[in-house]
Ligand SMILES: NC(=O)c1ccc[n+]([C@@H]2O[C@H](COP(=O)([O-])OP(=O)(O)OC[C@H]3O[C@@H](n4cnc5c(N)ncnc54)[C@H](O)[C@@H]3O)[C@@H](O)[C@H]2O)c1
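Starting off, we have a lone chain in the form predicted on its own, written out as structure tokens.
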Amino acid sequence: MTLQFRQGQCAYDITIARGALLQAAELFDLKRKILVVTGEGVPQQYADAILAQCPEGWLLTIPEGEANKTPASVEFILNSLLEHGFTRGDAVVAVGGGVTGDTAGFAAACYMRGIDWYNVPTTLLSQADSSIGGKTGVNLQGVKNIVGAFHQPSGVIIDPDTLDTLSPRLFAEGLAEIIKMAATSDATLFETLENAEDLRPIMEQVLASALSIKLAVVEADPTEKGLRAVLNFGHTIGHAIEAAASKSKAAFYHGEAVAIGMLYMAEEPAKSRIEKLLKKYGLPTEDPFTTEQLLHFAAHDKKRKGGSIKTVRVSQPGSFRFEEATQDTLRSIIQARKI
């Protein structure tokens, strides 16, 4: 199954197929210097499968986790590119989760003002969300993705077989992003998620549906000037939950924080249906933070313009509306759920 991203003169294929990892040489241009960047916790066989298809390739392993999604990791990749004499005609292949893709993609955007990179996401979260769209970047002083660039990949491989090595919690985390896209843009996909007894046999179709939503949005708004903000459903409060958790003993993965964040921004009847779906797939629906804690971190949201943030509200699965929220509006929204 192949989807295609098209925007201006930029076009690339997104291949969704079991076993596609072993076809990388047919899907990517690997006949040049290739730096395969992977994360410490990513099963080694995935990067090795790509490296084995590179006539001239090197493997670089970077620390994983949001705490290591920093300019220092980008510098580590840039130093490796420089040491191996990479030129503008060479490329990077990111193999791993969203942190690996965002960091390696940003390094590729910076090196010689931009070289090719390919994305091979191996977690459900990265396959469903960050695999396409060209948003690369790192965190700075605890602020998520505040340093980055739009740099589209030259190709994407999504191999559902890589999901077999995910823990149930990481699999559920990825489903949160799929639920997010269905809630705003595809009532049929939302119903499929509600009715399915086991998603794994239909994962290719589920991923294709979710990515088709994101493709349509990104093609229409490649640099997030308007419509693309719909992809931030659940993220305004979700990012605040992540940031608050990093300063406490609580622990939330990105998708888990987004799952809770959706419930702050959903209204009935969507709210009850989303909550039921989150519980079905083992995702959290509550957070332990106070209104003021969440407001503090939401104030640093990079989407803030002036005194307000564009939020996404959903009252019926498959549709959405934008609302500008001031600090006072956000306080009311958060307090309403805390009562």
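Each form is matched to the other, and the largest set of C-alpha atoms that superpose within 1.5 Å is called the rigid core. Each residue number is its position in the shown sequence, starting from 1. Quantities reported herein were computed from a predicted structural model and do not represent experimental measurements.
One more form of this protein, predicted together with the ligand, exists but is not displayed; see below.
Residue contact check for G97: one or more of its heavy atoms lie within 4.5 Å of the ligand in the predicted bound form. Within 4.5 Å of some heavy atom of the ligand in the predicted bound form lies at least one heavy atom of N145.
Looking at L215, you'd find every heavy atom of it more than 4.5 angstroms from the ligand in the predicted bound form. Not displayed here, the ligand is approached by L170 to within 4.5 Å at the level of heavy atoms in the predicted bound form.
Heavy atoms within 4.5 Å of the ligand in the predicted bound form are found in exactly one of 198-206, 81-89, 159-167, 105-113, that being 159-167.
Relative to the ligand in the predicted bound form, residues F252, E256 and K271 are all farther than 4.5 Å at every heavy atom. Think of it this way: in the predicted bound form, the ligand has a heavy atom of just one of T184, N232, T122, S73 within 4.5 Å, and the residue is T122. After superposing the rigid core, the Cα of E242 is displaced by 2 Å or more between this form and the one not shown.
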